[in-house]
Ligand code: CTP
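As a starting point, one isolated chain is supplied in structure tokens, in the form predicted alone.
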Amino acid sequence: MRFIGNFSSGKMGFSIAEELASQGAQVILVSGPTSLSTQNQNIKRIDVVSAREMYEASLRAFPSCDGGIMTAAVADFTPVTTENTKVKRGKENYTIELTPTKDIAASLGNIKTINQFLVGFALETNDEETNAKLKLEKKNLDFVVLNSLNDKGAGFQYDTNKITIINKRGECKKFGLKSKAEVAKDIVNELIAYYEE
């Protein structure tokens, strides 16, 4: 089987779910394919395979939640058609037509109520803070967690991450390289502090 995907392991999302649950939250975790498992019984896991399934599951769950934290690295594009049989190597170039996937963050931002929070992630490679701030505004997020593929030990396939949190008040807070479990604590603590002010 061949597919278009990315290197996301799900570690950041699972770490945040565990941290929220350990602080007493009832968590709904919508997860793509991963070998990771949940530990806390306060986590209800919904497994999905495709970007469409994640979109549908997220839209079903969000209205009954206090908010959402979107860590999944959902593909921005999906093939227009899929093949049911193996495509054999040929002499000609093979073209795959892609179409944009539905934007989960923007869709949840559109239906978010005044009593809900929404946190997004921005993995950037250039103009990082500018692009993260644009995402914050465009998708109606309360804050965005920025990480960079330019930072060693951050991003996909690592047990560590290095983040910057930018909130809609314009405040920007940088954190050093830490384990994803420690980063999850930072994110949850920032969320709590943001809403206690």
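Everything quoted here is computed from the prediction, not taken from an experiment. For every residue, the number given is its place in the sequence shown, counted from 1.
Note that the form predicted in complex with the ligand isn't included here; everything after this is about it.
Residues within 4.5 angstroms of the ligand in the predicted complex, judged by any non-hydrogen atom, belong to 66-74 and to none of the other stretches in 27-35, 66-74, 161-169, 41-49. In the predicted complex, the ligand sits beyond 4.5 Å of every heavy atom of residue 133. The ligand in the predicted complex comes within 4.5 Å of a heavy atom belonging to residue 102. At least one heavy atom of residue 120 is located within 4.5 Å of the ligand in the predicted complex.
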